[in-house]
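Presented as structure tokens, the chain that follows is alone, the form predicted on its own.
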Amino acid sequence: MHAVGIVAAAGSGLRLGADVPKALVPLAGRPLVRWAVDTLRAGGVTEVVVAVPAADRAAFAAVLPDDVVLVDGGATRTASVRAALSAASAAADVVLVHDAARPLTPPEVVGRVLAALEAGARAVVPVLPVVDTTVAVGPDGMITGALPREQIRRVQTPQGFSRATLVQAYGRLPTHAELTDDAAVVHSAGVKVGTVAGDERAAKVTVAHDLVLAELQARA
């Protein structure tokens, strides 16, 4: 099975308080994007395409292996993944879409996603259970009811798809549509999305506090 990995790395570093794109922010001496690429490869992905800010292509090329394909990302995550998907090898059987903002994702999670795809899944995402009480809140800030947490999961990346499924789903998606992730893209096309176990280490780095915690984990 030929797997291609797409890394969404075109986001800014504003919420991290960084003066470089988020994916270039260092973690234990390596940029976040390099952690993401290395994780995909350690998990069994053979080809990687990274969507980057056009103005920073040279900076990304300097920190990534020469055989990583770089493409100009779009104004949104959906646009960036669409661009990277167009650059992925047509020979790929499956596509894994990963966020550079999840640098400490263990390769085992990648392996579980690949195994599910090899077993015949068209779409699969790693998830974690919700352990806190979860409630719905109205416009006035008042609780309107409790949500059944046994049915709720936190979705992580990499998210995996058969290449044909993801290409077809993006082909049906309006050009300017923006969905939260690629599972939502294929779900909007009527495709059922399966799940595998995620990992707490695959937490997303969004604000400066997240980076501090990731630094502690990376150096542990």
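The numbering used is simple: start at 1 and walk along the sequence shown. What you are looking at is a predicted structure, and each value in this text was computed from that prediction instead of being measured.
Here the subject shifts to the form predicted together with a small molecule, a form of this protein not shown in this document.
Three residues, G43, R154 and G198; all within 4.5 Å of the small molecule in the predicted bound form via heavy atoms?
No, none of G43, R154 and G198 comes within 4.5 Å of the small molecule in the predicted bound form.
Using a 4.5 Å heavy atom cut-off, indicate which stretch of 143 to 151, 115 to 123, 129 to 137, 74 to 82 touches the small molecule in the predicted bound form.
Only one stretch passes the 4.5 Å heavy-atom test: 74 to 82.
So, V212 and the small molecule: in the predicted bound form, are they within 4.5 Å at any heavy atom pair?
V212 lies outside the contact set for the small molecule.
Is it the case that A8, even though its partner is missing from this view, gets within 4.5 Å of the small molecule in the predicted bound form, heavy atoms only?
Contact with the small molecule, yes.
Answer with yes or no whether A101 is in contact with the small molecule in the predicted bound form, where contact means some heavy atom within 4.5 Å.
Looking in the predicted bound form, residue contacts with the small molecule include A101, since a heavy atom lies within 4.5 Å.
Answer for L14 alone: is it within 4.5 Å of the small molecule in the predicted bound form, judged on heavy atom distances?
Yes.
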